[in-house]
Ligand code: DAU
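In structure tokens, the next block holds one chain alone, the form predicted on its own.
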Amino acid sequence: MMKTILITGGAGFIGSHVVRLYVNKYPDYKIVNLDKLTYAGNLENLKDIDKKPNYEFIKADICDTETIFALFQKYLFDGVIHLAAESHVDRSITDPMAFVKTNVIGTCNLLNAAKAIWKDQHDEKLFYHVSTDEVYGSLEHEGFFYETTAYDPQSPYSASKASSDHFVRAYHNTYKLPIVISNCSNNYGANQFPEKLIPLSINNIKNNKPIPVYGKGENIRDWLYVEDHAAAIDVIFHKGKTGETYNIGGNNEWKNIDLIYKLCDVMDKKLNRPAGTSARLITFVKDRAGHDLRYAIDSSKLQKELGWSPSLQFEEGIEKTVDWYLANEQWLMNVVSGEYSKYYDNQYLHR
């Protein structure tokens, strides 16, 4: 069945994996990738599919009401997979209003457009909002986040995502807008912007620079391989029940310091360095304000009801991730230097 799907934030880390999956898996779908191309949006992530006939890129801001409404009127989207967001906690502490604007106002802008254009076609449409486990707050050393866990966001980032989740549910309850929401754990894999822990550490190790670790590295995260996340989004979009929330986790809890030591071991082997060389780069820095101790997702609802499960464990995933970064040094150099931003100009403005 021919469908036109809008994917917001499709040039970002997770979004690019979702766009690639959909473009390749569903040749009968038209995939419209909308991205503002801020610092984390990188069209080099999609060079392998950007000439496919069922793919179209649009540079736009989800906060631009006029443009968003015009796009909904033009394309009559059958579905929206909404990933566009400011997502880095450190940046949210420095500039919380940017997160309010993009994550809250931008989401409401999309909801309003969907509500206005879809009208009485709700049975055939779906607004899928991709969120984070950080909306649930922080766990101690026991327990898990469930879909029914009360929200308790601890940072401006998680507060903005919690707010957007509430608006999505409110539009479902008030206007009967067909929605689903997923809340995922920490993602890792290819194409991640090197401000996040794993690609930052890989890049610093490669260049013999200090690896910054907050506090004592005791914070615990559940790590989800990004391709597994994209597969879960695909399953939820096609099989999820309208109005429901699904948690997506990797069943891979690691203390930050243990993760870094594991990464150091892998990098030493890949770079043919003596064991322990990279670990000497570990540098403990002042802890982040409001740093949540532990996140852990229970994804049994998704596994039991829709049949999804993570395809690999962290040890295998981190090897694949390191291999990708070492094989794509030019991509990493372009991102670190800012050269990646020229790809859009070359591809779309200078043809």
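Numbers for residues come from their place in the sequence shown, where the first is 1. Just so we're clear, the structure is a prediction, and the values are computed from it rather than from any experiment.
Below, we turn to the form predicted together with the named molecule, even though it does not appear here.
- The candidate spot formed by 197, 214 and 291 lies fully in contact with the named molecule in the predicted complex, as each residue has a heavy atom within 4.5 Å of it.
- This chain lacks the partner; the member of 88, 269, 115, 262 within 4.5 angstroms of the named molecule in the predicted complex by a non-hydrogen atom is 88.
- For the residues 236, 179, 184, 205, the 4.5 Å heavy atom test against the named molecule in the predicted complex is passed only by 184.
- Among heavy atoms of residue 125, none comes within 4.5 Å of the named molecule in the predicted complex.
- With a 4.5 Å cutoff on heavy atoms, residue 72 does not count as touching the named molecule in the predicted complex; it lies far away.
- In the predicted complex, the named molecule lies farther than 4.5 Å from every heavy atom of residue 246.
- For residue 157, a non-hydrogen atom is located within 4.5 Å of the named molecule in the predicted complex, even though that partner is not displayed.
- For the named molecule in the predicted complex, the listed stretch (236-244, 272-280, 168-176, 88-96) containing residues with heavy atoms inside 4.5 Å is 88-96.
- Contacts between stretch 93-129 and the named molecule, counted in the predicted complex as any heavy atom lying within 4.5 Å, involve no residue at all.
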